[in-house]
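Only one chain is included here, represented as structure tokens and corresponding to the form predicted alone.
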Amino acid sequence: MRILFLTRSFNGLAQRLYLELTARGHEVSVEFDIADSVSIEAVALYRPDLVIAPFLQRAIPVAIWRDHVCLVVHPGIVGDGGPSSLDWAIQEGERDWGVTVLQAQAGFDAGPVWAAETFAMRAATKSGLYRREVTAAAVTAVLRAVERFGALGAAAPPLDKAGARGRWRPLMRQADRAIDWQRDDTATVLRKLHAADGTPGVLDRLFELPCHLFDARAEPQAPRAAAGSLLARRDEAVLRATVDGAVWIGHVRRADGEPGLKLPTARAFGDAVQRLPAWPAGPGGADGEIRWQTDAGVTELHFDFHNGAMSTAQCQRLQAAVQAALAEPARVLLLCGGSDFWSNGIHLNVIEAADSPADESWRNIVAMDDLAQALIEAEGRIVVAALQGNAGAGGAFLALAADRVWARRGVVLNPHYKNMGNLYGSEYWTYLLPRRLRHATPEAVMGRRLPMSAAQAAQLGLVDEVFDDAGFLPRVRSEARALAASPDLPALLQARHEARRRDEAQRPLAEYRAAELERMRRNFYGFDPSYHIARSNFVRRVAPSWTPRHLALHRRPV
């Protein structure tokens, strides 16, 4: 079928649905929901068999849903309605939730139900649940709805809503989210912060200044202290006491004066954070974002950076952790990234907030290159990248610096840079990409500008193994331990050593790096401002004024 996506942005859910539908032979074109007239024009140009709205914040125009079946993906159970569905479910402690695919009609979230899927809730942020459980349920429900539409057309009977426990709930406002630090226990504080993570954050105060709070984690070893007081700092987060413990606040968006960018807390408040006492590091130098341990011949390293963004300081801390892990006797290094993201490359928000974004861009890409080099040159080790979460731009190529790449089936990769103002990219991609590709050219991969599923990446050679979503971490641990215990390991290590020696003799890594950085220097300091404009629009969430032509098939020249 010809399917048109009407969506506010090409977010993770829209990308995953795009991949699943195109893999099944459907043609999918995308139109950003900029204005009613633009959406109506897109439908007239494309003449779709079906319209799907994966992510909308406005109602579909009557002129569209009156003449076309329009399926809206709603992140709530059957009968649920309203713009803050998942927020309310998290904050009120729902034990299970779901996704409903509704047909657009006059009532908001009130049309006939074409498909629904439920899932168990877990203690996670709204963003984390959306990327994992909501996305997986949406894929199942949308595919079922599309199959029904293909078999029965617009005459397909709606599902029975009898007995549905969902209900309409209004937009959640800051008054509903407010934390009472003198009354709320740690679990309550976390639910409120998790329900607002991503957007809009919880409006509160730090250092007597108004700000929105994000990126919260409980501290199990917190001392008893006055509720609401600030206790310590760790890297760029601050520890705040609750009535029965404490939580780390990793990111904030200051609300005083001109609303600021979402930044690591220490970046947003500077010297005020530095005056707090430092919190001691955990075993092996572990902090809230980075942790590692060695067992059964495998050193397992996790780095869970907010939204997958890696600032200069985070790259440097991770490189130090990698070097410490490589000093362990284990011969397999298993890099697990975070549960939501493996990595998305350089930290655009920190760059945007710098006195010189160009200079900070340069420092950040150099730190990313240093980290990639440490993995490429890891002597006497097999390095495995285990992608639990999505990877994009420099983060995707950082994974290729490993000897083996294992991915969760639901992972989406964006192995290109051009969508961020035609960045050239670094992280040794000019060395890493060609040696992995089974077919296709590096130019084709880098110029495609579209998401890639784990299965597609495996076909190209960018991923070595794809494992099921359920039980992914236990599976990769088992595989890594089997590799560490394999009698073939010495031969594999010797082959790795010889391959690196041959590659270095043919063209040193330093030459790849110098050539890439020369092109990046033009992006950062050259006459073309495309990267700086794209970065500023991205971090400030400036709504797009048009849909990119690589997504809008209906707007391409005939």
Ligand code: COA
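Start at 1 with the first residue shown and count on from there. Model, not experiment: these values are computed from the prediction.
Heads up, the form predicted together with the named molecule isn't pictured, but that's what we're talking about next.
- Heavy atoms within 4.5 Å of the named molecule in the predicted bound form map, among the stretches 380-388, 217-225, 419-427, 440-448, onto 419-427 alone.
- Of the residues Q91, T299, N414, T312, just one reaches the named molecule in the predicted bound form with a heavy atom at 4.5 Å or closer; this is N414.
- Proximity to the named molecule in the predicted bound form, taken as a non-hydrogen atom within 4.5 angstroms, holds for one residue of R363, R408, R131, K192, which is R131.
- Proximity to the named molecule in the predicted bound form holds for all of L348, A393 and R541, with the criterion being a heavy atom within 4.5 Å.
- In the predicted bound form, the named molecule sits within 4.5 Å of a heavy atom of Q15.
- The named molecule in the predicted bound form comes within 4.5 Å of no heavy atom belonging to T265.
- Although the partner is absent here, G198 is a contact residue: one of its heavy atoms lies within 4.5 angstroms of the named molecule in the predicted bound form.
- Interface membership of N11, defined by any non-hydrogen atom within 4.5 Å of the named molecule in the predicted bound form, is confirmed.
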